[in-house]
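Taking the form predicted on its own, here's one chain by itself in structure tokens.
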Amino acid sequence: MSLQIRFSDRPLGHEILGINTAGDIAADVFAEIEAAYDRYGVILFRNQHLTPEQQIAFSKRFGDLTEYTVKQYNMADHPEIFIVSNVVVDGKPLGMVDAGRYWHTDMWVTANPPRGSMLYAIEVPIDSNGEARGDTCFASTAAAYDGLPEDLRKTIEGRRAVFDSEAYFMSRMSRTPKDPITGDYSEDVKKRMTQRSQNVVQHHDMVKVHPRTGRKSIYFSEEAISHIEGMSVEESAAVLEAVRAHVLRPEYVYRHRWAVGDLVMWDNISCLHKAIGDFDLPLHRTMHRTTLASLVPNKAAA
């Protein structure tokens, strides 16, 4: 079988046609799907009908899974599934409301971040004009690396960036709105503030080589990097801004407009992503995410 693909006009965000991810997928067909995933970084399947068990089963065909670090939003019966939702049940949030509303790679707080993630749309917010809200944007850091100006390439090649959870948390709080009446943060935000764990610092290569394809990509997360090793604060800030501006050039960015039943999976090395929070209650958004474990052996266990 030759896989049918509807290509977007960007390096990533291509739709795989004619596949039921809940069904039996022959080994040769699955091999083509995985090859497309490795090659393009973001692929998607429309009109899927998945139970949590089926999503987990399809995800596990790519390898081991890992649980999301904020465990309070993992599904109780299926902790492999992380719930993204603004729905409130009995006064409690069903899932994380504002997940990923900045350009990032998933779980950069870990020494060996996951291979990728898979997000399944259960509820999509639709506005009064019938338009879907809550898009997700993806940027190809592989294509961005290929297009780097030579001077910027030489500057970041072989460098390591310092990812700091405290720096990210303070930046996040600076853009978190307060209640206009009380002038205070919501109870959910205050709970996260009090439950904040010990500061985590990780040092990641700014250019990573994909362990399956050998292709180079820029490794970057907006607001999470405090500085670049071996550079002054001023020089580091200038380089990081140059990297950010380059990675987010329009020709590298695909914007996904969600529909119920969409299953989108992205590679965590070769792309960045950002959720667009242009909706609020009473509009509902609910997504189920599985996370593919790192392809790199755990350094601590080596």
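Numbering starts at 1 and follows the sequence shown. Since the model is a prediction, treat every value here as computed from it, not as a measurement.
Just so you know, the form predicted together with N-oxalylglycine (OGA) exists too; it's not on screen, but the next bit is about it.
J.: Could you work out which of 50, 260, 56, 275 is the residue within 4.5 angstroms of N-oxalylglycine (OGA) in the model of the complex, going by heavy atoms?
T.: Filtering the options by heavy-atom distance leaves 275.
J.: Going by heavy atom distances of 4.5 angstroms or less, which of 120, 82, 219, 145 would be at the interface with N-oxalylglycine (OGA) in the model of the complex?
T.: Comparing distances to N-oxalylglycine (OGA) in the model of the complex, the residue within 4.5 Å is 82.
J.: The chain here is shown without N-oxalylglycine (OGA). Which stretch in 103-111, 225-233, 206-214, 155-163 comes within 4.5 angstroms of it in the model of the complex, by heavy atom distance?
T.: Flagged stretch: 103-111.
J.: Contact check in the model of the complex: 10, 40 and 264 versus N-oxalylglycine (OGA), with a cutoff of 4.5 Å between any heavy atoms. Do all three pass?
T.: Verified in the model of the complex; spot residues all out of contact, no.
J.: Find out whether any non-hydrogen atom of residue 132 is located within 4.5 angstroms of N-oxalylglycine (OGA) in the model of the complex, and reply yes or no.
T.: Answer no; every heavy atom of residue 132 is more than 4.5 Å from N-oxalylglycine (OGA) in the model of the complex.
J.: Please check if residue 86 has a heavy atom lying within 4.5 Å of any heavy atom of N-oxalylglycine (OGA) in the model of the complex.
T.: Close contact is absent here: in the model of the complex, residue 86 is far from N-oxalylglycine (OGA), nothing within 4.5 Å, heavy atoms only.
J.: Heavy atoms within 4.5 Å of N-oxalylglycine (OGA) in the model of the complex: does residue 99 have any?
T.: Output for residue 99 is yes: heavy atoms within 4.5 Å of N-oxalylglycine (OGA).
J.: Should residue 140 be counted as a contact of N-oxalylglycine (OGA) in the model of the complex, where contact means heavy atoms within 4.5 Å?
T.: Looking in the model of the complex, residue contacts with N-oxalylglycine (OGA) do not include residue 140, since no heavy atom lies within 4.5 Å.
J.: May I ask you to list the residues of 278-295 that have any heavy atom within 4.5 angstroms of N-oxalylglycine (OGA) in the model of the complex, in sequence order?
T.: If the 4.5 Å heavy-atom criterion is applied to N-oxalylglycine (OGA) in the model of the complex, 278-295 yields 285, 289.
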